[in-house]
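There is one chain below, alone, in C-alpha cells, taken in the form predicted on its own.
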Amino acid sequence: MVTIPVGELRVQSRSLAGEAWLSELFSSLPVLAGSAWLAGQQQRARQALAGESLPSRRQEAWRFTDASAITAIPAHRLERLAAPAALPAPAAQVLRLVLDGHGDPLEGLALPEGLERLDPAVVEELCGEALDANGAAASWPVQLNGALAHQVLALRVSQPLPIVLELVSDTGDAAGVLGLRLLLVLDPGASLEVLEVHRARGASLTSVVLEARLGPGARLRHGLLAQGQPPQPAAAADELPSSAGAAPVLLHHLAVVQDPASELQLTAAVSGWGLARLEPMVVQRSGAAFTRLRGLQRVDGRQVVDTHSRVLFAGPDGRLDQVHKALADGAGRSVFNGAVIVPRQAQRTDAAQLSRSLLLSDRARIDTKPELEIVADDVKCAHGATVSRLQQDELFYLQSRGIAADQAARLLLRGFCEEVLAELPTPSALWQPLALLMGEEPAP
C-alpha cells in the first residue's frame, strides 16, 4: 500500500486541474486568419504550454502565490464586448482607446501629430525585443498571452505629445479570458504620458503584455490602474454556473528597454482582484538612464496581489528610485519581490529601493523581498523593507484633537496611499483610485 501525503495530493490535483483548464482553453480558441506572423506566434506559444499546468508554488518565482484561482475562470476567449457602461468621460487632452481584444481601437480616430501606427513589418521586427532583453519571453504569463492575443496595438511616438494616451479595458460582468498585446516605441527625444486602466467584475482573466522601447532622451510616464471588484453574493447560487462567484484575475507584464538619457516613470495601483500578478521589468541596456517605480496594492478578503519587479543595469551611470507600498486586510496576501541587478559593467550606479507595508488584520499576510545583486564595486545602492501596523502614537495624536478612532485610521491610510497616487497622470483622478483602494463607494 502506497501512502501519499495530503499536501502532495493537493499539488497533484491542482496540476491536473491546470492542465485540463489549458487544454480546454486552447481547444476553444479559433485559428487566427490574416496575419501569418501572429498566427505563428500563437502556435508556438500554445505548443510551449501544451501538456503544461499552471505555475506551481514549487517554482521560486511563484512560491508565495497560488495560481489555482485561474481554473475558476471559464476556459474560453471572451467574445466581442459591448461598449463599457458608466466609463467617466475622457478629460481634456486625453486620447482614449478602448481595448477588447477584437476590434481595432484606432478605427475612426484621427491621431495627433507625432503619434502613428507602426508598420506591420516593423512590428514583426520589434515585437518581443523588450521581452527578450528582460529574459521574460519564456515566462508562463507571457506564453499564455502569446497563445491568446489576436492583435498587437503598436504605436510610435516621434516627438513630445501634449496629450495623455488612455488605454482602457473593462470586461464588466463577462466571464472568460481576454488577451491584450501592446507595443510602444518612443523615438529619440520623444515623450508620452500613458494611463492604462483595467477593470473587471465577473469571472474573467485579463492577460496583458506591454513592451516599450525608449530611445535616447525619450521620456515615458506610465500610470497603471487595475480596478477589480469582488463578486457579489448570489441569492440563488444553485441556479448559477459553476464560475459564479469567481473573482477576476489579472496577469500584467510590462517589459521596457531604456537607451541612455531616457526616463521612465511607472506608477501602479492595484486592488479588488481575486488574483493579480504584476511583473514590471526594465533594462537600461547602456546605462545612463533614470527609472522611477512606484507601486501601491491592497488586498482584502482572500485576495492575492503579487508584484515581481526586475531592473537590470547593463551599463554605467544608471539611476533607480523605487518605492513599493502594500495594504493587507482580511485574509488577503500581498507579495512583493523586487530585484535590482548591477553587473560589473554598471559602475557608478545609484539605486534605491524601499518596500513599506501595513498589516490591517491578524489574518492577513505580507511577503516582501527586496533584492540587490551587485558585482560592480563603484556604486551607491540601498534597499529596505518595513511591515507594521498603524502607529498608535499617530492615532493618539489625531484622537486627542477630537477625531474619532475610525476616522483617524482612515486619514492615516489615505495619507499612506496618496503618496503614490499623486504620481499617477492627472486624468487618473476621474477613475477615483483612492476611493476604490479605501473600499469606499465611488462618487457618481
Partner chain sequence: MTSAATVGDLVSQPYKYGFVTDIETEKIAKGLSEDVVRLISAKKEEPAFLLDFRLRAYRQWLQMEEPDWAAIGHPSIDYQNIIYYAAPKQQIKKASLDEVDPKLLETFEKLGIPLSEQKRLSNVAVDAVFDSVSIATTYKEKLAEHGVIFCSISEAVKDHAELIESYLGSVVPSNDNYFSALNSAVFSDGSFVFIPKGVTCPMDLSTYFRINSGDTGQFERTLIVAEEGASVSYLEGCTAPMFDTNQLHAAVVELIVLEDASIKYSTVQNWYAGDEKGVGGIYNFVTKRGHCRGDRSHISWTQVETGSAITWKYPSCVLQGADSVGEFYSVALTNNRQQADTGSKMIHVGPRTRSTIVSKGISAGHSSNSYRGLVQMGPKAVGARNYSQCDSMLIGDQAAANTYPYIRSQQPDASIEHEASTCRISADQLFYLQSRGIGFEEAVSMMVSGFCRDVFNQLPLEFAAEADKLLALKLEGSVG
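Keep in mind it's a predicted model, so treat the numbers as computed, not measured. Numbering follows the first chain given and starts at 1.
Heads up, the form predicted in complex with the partner chain isn't pictured, but that's what we're talking about next.
Undergrad: Ile374 near the partner chain in the predicted bound form, any heavy atom under 4.5 Å?
TA: Yes, Ile374 lies within 4.5 Å of the partner chain in the predicted bound form.
Undergrad: Verify the contact flag for Gln93: yes if a non-hydrogen atom of it lies within 4.5 Å of a non-hydrogen atom of the partner chain in the predicted bound form, no if not.
TA: Contact with the partner chain, no.
Undergrad: Taking 4.5 angstroms as the cut-off for heavy atoms, does Ile366 touch the partner chain in the predicted bound form?
TA: It does: once the partner chain is placed as it appears in the predicted bound form, Ile366 has a heavy atom within 4.5 Å of it.
Undergrad: Given that the partner chain is not shown alongside this chain, does Glu107 nevertheless sit within 4.5 Å of it in the predicted bound form, heavy atom to heavy atom?
TA: Flag for Glu107 set to no.
Undergrad: Just one of 135 to 143, 218 to 226, 157 to 165, 358 to 366 has residues with a heavy atom within 4.5 Å of the partner chain in the predicted bound form, so point it out.
TA: One stretch meets the cut-off, namely 358 to 366.
Undergrad: By the heavy atom within 4.5 Å rule, which residue out of Ala405, Ala382, Ala39, Leu411 makes contact with the partner chain in the predicted bound form?
TA: Checking each option against the partner chain in the predicted bound form, the one that comes within 4.5 Å is Ala382.
Undergrad: Mind listing which residues of 125 to 161 have a heavy atom within 4.5 Å of the partner chain in the predicted bound form?
TA: Heavy-atom contacts within 4.5 Å come from no residue here.
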